[in-house]
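In structure tokens, one chain follows: the form predicted alone.
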Amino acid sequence: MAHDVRLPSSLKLFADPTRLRIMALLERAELAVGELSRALGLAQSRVSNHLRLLREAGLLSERHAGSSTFLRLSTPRNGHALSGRLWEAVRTDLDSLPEHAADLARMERVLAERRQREGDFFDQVAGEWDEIGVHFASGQARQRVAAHAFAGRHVVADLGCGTGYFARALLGLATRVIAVDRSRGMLDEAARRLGDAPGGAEVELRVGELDALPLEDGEADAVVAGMVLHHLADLRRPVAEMLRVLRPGGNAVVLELEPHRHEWMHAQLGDHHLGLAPQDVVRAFQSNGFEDVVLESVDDQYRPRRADADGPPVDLPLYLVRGTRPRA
């Protein structure tokens, strides 16, 4: 039997408890290097050395946003597959690490602080959001979202509703619209802009996170997340929540940006990702149990305007992903 020369180095990689602690946290959440250091209670210089070894072993994926680097545990492929198999073998015993519970508690505090900062940002810009963050070339994207998925539905949830741009297109199609946002400032603006709902439609505003939606199981006939997922660190839990709050046979639709390189949108619009790869959204739908998942192009463009630059706004391509909660 051939000897695998990678085995000793791989075993050494997993013999260090600090590296196992790092991997345990990065499997649960995408963290910036500084956030990871705080969650571990360790100096960043010490953590960086371990990250270098994990990166060399193909166990990390990286995302750069301005001056920050965000990390997540990745699934190793090809030459790094041995490391992946070893991780699967040890990950179920992480509770035996004496620091693991404290790491998780610190990480939750770090993530709560991040959510607070992001909520503060949207509270601050809520009054001007329709001027800086709700510009489209034709408006067809909003109409496609409404007509495609929600005609004839009764209860529709608008997730990450902002100031109510998408909710306004749903009022004539639904008897009740549940508008959800993490920012109270955005919800205040939505309440003002939605005003008197046409046709007797009821509008209900709820504060909540997309990865822990303030809706009961099966409460909505349909859900929409328009231009919101790129503000989030992770797709899996929000999409799982969409499935949970839908009744069997209910539809979900996401409108999103194609990936782009306009770094200024991180600071000025609170974007976590510079767009999202369409297949990543499709996979999130499929892996969470949606059926009849469809990816469609949209004949419209998002037109944000950079506040500190002259000239016309940029035109960014859009796409739509929709799926259905199984009836069974």
Ligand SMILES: C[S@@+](CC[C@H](N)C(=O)[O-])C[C@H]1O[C@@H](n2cnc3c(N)ncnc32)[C@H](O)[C@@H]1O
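Predicted, not measured: the structure shown is a model, and the values here were computed from it. Counting begins at 1, following the sequence as shown.
Beyond the structure shown, there is the form predicted together with this ligand, which is absent from this document and is the topic of what follows.
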{"item": "Partner-contacting position among H231, R244, R72, H100 - heavy atom within 4.5 Å of this ligand in the model of the complex", "value": "H231"}
{"item": "Heavy atom within 4.5 Å of this ligand in the model of the complex - the one residue of A220, V254, V177, C161 that qualifies", "value": "C161"}
{"item": "Contact check for F122, D181 and E209 against this ligand in the model of the complex, heavy atom at 4.5 Å", "value": "yes"}
{"item": "In the model of the complex, segment of 201 to 209, 102 to 110, 169 to 177, 245 to 253 with a heavy atom within 4.5 Å of this ligand", "value": "201 to 209"}
{"item": "4.5 angstroms heavy atom contact with this ligand in the model of the complex for Y165", "value": "yes"}
{"item": "M227, heavy atom within 4.5 angstroms of this ligand in the model of the complex", "value": "yes"}
{"item": "Contact flag, M186 vs this ligand in the model of the complex, heavy atom cut 4.5 Å", "value": "yes"}
